[in-house]
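Take a look at this single chain in structure tokens; it is the form predicted on its own.
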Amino acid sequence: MSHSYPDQSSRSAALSRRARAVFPGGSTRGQTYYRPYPIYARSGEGCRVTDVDGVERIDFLNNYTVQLFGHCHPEIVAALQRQAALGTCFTLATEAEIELAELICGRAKSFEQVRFANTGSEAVMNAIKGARAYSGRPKIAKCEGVYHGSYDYAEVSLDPDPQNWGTDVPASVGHSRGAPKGMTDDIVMLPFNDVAGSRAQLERHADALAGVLLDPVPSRCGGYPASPAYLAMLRDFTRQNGSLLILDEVVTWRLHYGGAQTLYGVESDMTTLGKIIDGGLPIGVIAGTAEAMAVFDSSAGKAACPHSGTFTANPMSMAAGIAATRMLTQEAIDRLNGLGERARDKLRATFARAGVAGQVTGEGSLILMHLSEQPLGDYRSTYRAHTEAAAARLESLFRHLLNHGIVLSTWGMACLSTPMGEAEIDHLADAVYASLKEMETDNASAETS
């Protein structure tokens, strides 16, 4: 069924109007909202999602990298059905949580013990609290502009602008209005991939530093990985300083059987996981060395970092996680990474064919399109490249792609799932080309009207 977006007579538009009465701004989840109204899903199967108006599209967003195995994978569905028939949650522990923990501990050298949470944000929050408990120090360092979930400390300087991002050293800026200064003072900002600048910042706060939080391939820094020299500096500093290196692999775990840390050869003290590790259900994981993870040990009394949760390690998430982790083989990852390289090559050629200034970055099965040729590599260069005009063009591209059977993010991010093949990659490139040419026609019409 064909259905042009936007269409105020559509069921999605009607649901959006209905939602405005019960949700602030008409949405309960910021990522799913876009103007003039968000599309509502009815079902998904494989790499495709069908909306409430019956329109089917290839899902290149996969709930922001979650659905690595696509929608309704038979093995995950079967695991959930079996567990649902036995019970969805208990006040007792289950064997499934041990089984999933054992599978995770076998994936990376630094994974000696794990602790489950409910989301990646929760995992990051507890890793930060754990680092403070381990070191007895208050401050955490993170890279400017990098997203680590919704914990307020992790959100500091998520999206600063030139008026408040500082000059000689990056300023710590609250993300939510009213963020207390005492909180921002405890977050040390680092310039991503700047070895000398970051080292100087770390040394300046060394006595108060509990840990360093790092996404190895931050999308908000252009989608480029941390350099070997940068990773080595952070690892050396934290070891010498007695602070913890925390890797946020909620997204990058898809890059290798043992995550980005194995691919890039760096060992963390703690790692946070989520999203793809659970086949579409909520989960968070803190994994690390036995020494670092001991802060969560409450077997002899109150833990240094108390941690619990009503839905932590719930059997449904454990069942889905076991199925998903078993399927996340190196062979499956290598195939997806190859498709990712094909997608980046095809999209670069598409930009050139359409005569559009742009670039395509990303690692493995993660893809980022930028409608700018300005150099990228850290938050500030990416911010400068993504001007208001460039951002508007990316959002326009997103809308046009909806009418060519493609779902990706409003800011040019795409990710792949295992049901995809070369045909889906080729369809993406063709759809981007058609959309860019339509945008060119739209602009020409606007200029002459």
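Just so it is clear, the model here is predicted, and its values are computed rather than measured. All residue numbers refer to positions in the sequence shown, first residue = 1.
Below, we turn to the form predicted together with a small molecule, even though it does not appear here.
Enquirer: With the small molecule left out of view, choose which of Tyr147, Trp165, Tyr153, Phe351 has a non-hydrogen atom within 4.5 angstroms of it in the model of the complex.
Expert: None of the other options qualify; the answer is Tyr147.
Enquirer: Could you check which residue among Val250, Ala141, Ala313, Ala323 gets a heavy atom within 4.5 Å of the small molecule in the model of the complex?
Expert: In short, Val250.
Enquirer: Closest heavy atom of Gly120 to the small molecule in the model of the complex, within 4.5 Å or not?
Expert: It does: once the small molecule is placed as it appears in the model of the complex, Gly120 has a heavy atom within 4.5 Å of it.
Enquirer: According to a 4.5 angstroms non-hydrogen atom cut-off, is Asp215 in contact with the small molecule in the model of the complex?
Expert: Yes, Asp215 lies within 4.5 Å of the small molecule in the model of the complex.
Enquirer: Counting only non-hydrogen atoms and a 4.5 angstroms cut-off, does His73 reach the small molecule in the model of the complex?
Expert: No, His73 is distant from the partner.
Enquirer: Is there any non-hydrogen atom of Leu368 lying within 4.5 Å of the small molecule in the model of the complex?
Expert: Outside the cut-off, so no.
Enquirer: Just one of 121 to 129, 187 to 195, 173 to 181, 259 to 267 has heavy atoms within 4.5 Å of the small molecule in the model of the complex; which?
Expert: It is 121 to 129 that comes within 4.5 Å of the partner.
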